[in-house]
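Presented below, as structure tokens, is a lone chain in the form predicted on its own.
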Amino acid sequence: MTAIGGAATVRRMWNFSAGPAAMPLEVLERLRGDLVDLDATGVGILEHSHRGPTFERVLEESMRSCRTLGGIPEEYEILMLPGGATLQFSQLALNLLPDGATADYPDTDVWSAKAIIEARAAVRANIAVIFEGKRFHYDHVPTLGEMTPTAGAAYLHYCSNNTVHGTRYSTPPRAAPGVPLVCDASSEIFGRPIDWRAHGLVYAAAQKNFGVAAMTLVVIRRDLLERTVRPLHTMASYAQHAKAGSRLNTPPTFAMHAAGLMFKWMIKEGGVEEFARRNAAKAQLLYSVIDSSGGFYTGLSQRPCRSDINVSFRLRTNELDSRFAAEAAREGLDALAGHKDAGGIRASMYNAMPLDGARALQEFMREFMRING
């Protein structure tokens, strides 16, 4: 728990929420000021026209900082779109999956399962589930021998880091030759390097690693923008959003500004490689306790594919799970109850979670085990 001075001292929890998630205090304080007066214009960010010169500059800086932070090649278009990543489950299929064609989907957790459902509802095409992770309680992502990609598929969609059960791909899955990879990177975007040129499209919701809810980043190879697989309503079309510079209508201006501040903060802190190092260190603090607990704590994922971002585990009984989360909250460690589909405990530690937060949780885990073990 941290304290902030001022007219009144505010005690802030260590926030382990899966999203909306923790943000750096310096970014929050900047946003607080910008709500009232953005860049000494006398007008706050919520009031500025999305067509005016002040917001033009905000958006240009956000896009430029995003490209710099991620090392995103110039042949990829950056879009900041309204709505969460769930909207991409259908928008992706509408844009890239022709009627009667096939797209590959390894099912590795709750969100990939929802992506399958939404894609099936959106288009008249074959959604090929090439790995059924539910059979294994979602405890791992597929190895090379566990799935067979479809030759000639429109794309292969995967979720690189699975927030509920705490698994991740150490390297991207292999699609059939010539088939674009599409990645839902919502929980680890800018938290470890991405091989952009191995992907046709990468998307990520903002509220975990780079800002606030109601906006999603889409990074798409420009040749895929030229695909026309069906007539689309304007707001559903990636190409139309790109043509309009992510401003087909009044966009989520506050979220775009918050993202720009987050990108600049991550660049200042050392960039993607530095956050990959930090995230691995945070996760290891917790896994070291789990692995040495003699079964008091049990991880939900197999060790070779454990997430550095979402550490999911359970205790010996449901009652202990509930007591752990409640007592942790009283100690300033918030939002540790596991997802309803998995139960147990989940510590989500995105880029803005400092190492001290993970250390505080590690100490609590040891003390809770000492008392209750």
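Each residue number is its position in the shown sequence, starting from 1. The structure displayed is predicted, hence computed values, not measured ones.
Same protein, other form: the form predicted together with a small molecule, not shown, and the subject of what follows.
- The single contact residue among Met256, Ile189, Leu97, Ala85, judged by any heavy atom lying within 4.5 Å of the small molecule in the predicted bound form, is Ala85.
- This chain is displayed alone, yet in the predicted bound form one of Phe89, Phe275, Phe263, Tyr105 has a heavy atom within 4.5 Å of the small molecule; that residue is Phe89.
- Taking non-hydrogen atoms only, Ala205 approaches the small molecule to within 4.5 angstroms in the predicted bound form.
- Contact check for Cys159: a heavy atom falls within 4.5 Å of the small molecule in the predicted bound form.
- Residue contact with the small molecule in the predicted bound form: Thr163 places a heavy atom within 4.5 Å of it.
- The small molecule is not drawn, but in the predicted bound form it has a heavy atom within 4.5 Å of Trp111.
- Heavy atoms within 4.5 Å of the small molecule in the predicted bound form belong, among the stretches 141-149, 205-213, 117-125, 275-283, to residues of 205-213.
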